[in-house]
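Okay, so here's just one chain, in structure tokens, the form predicted on its own.
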């Protein structure tokens, strides 16, 4: 089967999943079961103990688009289902205690609107005096939204492409990977032995790393060699940005891709796995993989920033000192979900005398507004993906109703990101360094929209000529 035929087969599969019109009771019932199955003892705390104080509201980037998007209001969608199905009061009194299930098309439209006004950035969690993570509840509702068919076609398409490994058949993607490997070999002056079993360090760039910041991918290889580490990397990508399924709330499909990643790592047998993506990939592979797969990994997952700090502190790495007016944008998943709050700033302070901290930094940093797949729900992104994969962009938008949803989501996205851009402007930085492809794309878009002249770079791209 040619790659064109394969993609058309995937698009046909996606058409069966996506349904933006109507109300299908069977799908709703299945979606409700998904929500209930995702409730564990921690989420039970989130469902039961919110007092509705609203302390979390100012932390959410979409609260500044419309106050109805406060974390409490959005999470209430999950609580209504929980009360109706799992509490005695809800079963008996129903709507009197705000216990009800979605019953018509308008209810489904409201759910999907709220779902895609949440980046799961964790800011509401750190702001809440009771430790309520409304973002985690919105992940449950994203699963609901996807199962009933209210899922962006672009996201369903990318999930299927990754799960079925169709990206390995796309010429543009195959060439992108090959070109980066060739560049690494040229820069190092030797041929890197790929997939080498027994290597102590497995460098695991993803396809989105290669597409978004190839220079950072090469710079990381140079660093590993500079440090004299025994390392290898994959001969072909093990995912687009594995597992994309978590972004649309499909934990069962995410498990398929995660298992493939885990099996590959185990086949190499490294002590350390090094990542450069500071988005959801980092906390998922480092902290969630053992729980999702019920395994005890023999390897340690590190972000490249951790390796940089360790190498600098041990005197194994010297970096060129500069005067750049540079700042660090903390990706939410790497920072609030992953715990790397001070390490990136430490590295940048070692490099530049001109480093300046954002007014809101660390756990209090502002979310850029593009997480949770929101940054991918734009017409520009859809056109770019269509061109890259060689499909008609019209096939990645299922209906006029979905098109209107994209228009409204993109409009809200562009408003939500302004808060981040204002924070960057106040810092006086000329270079914004980060480690998440979505953050990079969002900040670059915001800088263009709101007239802020900054360069946006991955941290390893910034360090490329300073190692």
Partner chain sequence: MNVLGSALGDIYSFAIYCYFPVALAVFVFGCVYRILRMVFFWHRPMKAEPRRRGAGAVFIGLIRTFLDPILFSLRYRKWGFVFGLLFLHLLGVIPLIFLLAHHVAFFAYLMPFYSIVWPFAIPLSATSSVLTVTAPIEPYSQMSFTFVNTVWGPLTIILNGDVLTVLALVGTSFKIGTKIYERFVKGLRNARITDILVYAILLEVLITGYLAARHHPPTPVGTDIIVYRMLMGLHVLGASTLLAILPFTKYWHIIFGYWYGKFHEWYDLRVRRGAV
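Positions refer to the first chain, counted from 1. Nothing here was measured: the structure is a model prediction, and the numbers come from that model.
Same protein, other form: the form predicted in complex with the partner chain, not shown, and the subject of what follows.
Although the partner is absent here, residue 354 lies well away from the partner chain in the model of the complex, with no heavy atom inside 4.5 Å.
Within this chain, residue 325 is remote from the site of the partner chain in the model of the complex, having no heavy atom within 4.5 Å. A residue is said to contact a partner when one of its heavy atoms sits within 4.5 Å of a partner heavy atom; residue 315 fails this definition for the partner chain in the model of the complex, lying far away. A residue is said to contact a partner when one of its heavy atoms sits within 4.5 Å of a partner heavy atom; residue 191 fails this definition for the partner chain in the model of the complex, lying far away. Annotated contacts: 228, 231 and 431 are all free of the partner chain in the model of the complex [non-hydrogen atom within 4.5 angstroms]. Listed stretches are 245-253, 165-173, 336-344, 202-210; the contact stretch with the partner chain in the model of the complex is 336-344, by a heavy atom cutoff of 4.5 Å. This chain appears without its partner; in the model of the complex, the one residue of 401, 425, 68, 418 with a heavy atom within 4.5 Å of the partner chain is 68. Of the candidates 109, 195, 236, 76, 76 is the one whose heavy atoms come within 4.5 Å of the partner chain in the model of the complex; the others do not.
If you take 111-133 and check each residue for a heavy atom within 4.5 Å of the partner chain in the model of the complex, you get 114, 125, 126, 127, 128, 129, 130, 131, in sequence order.
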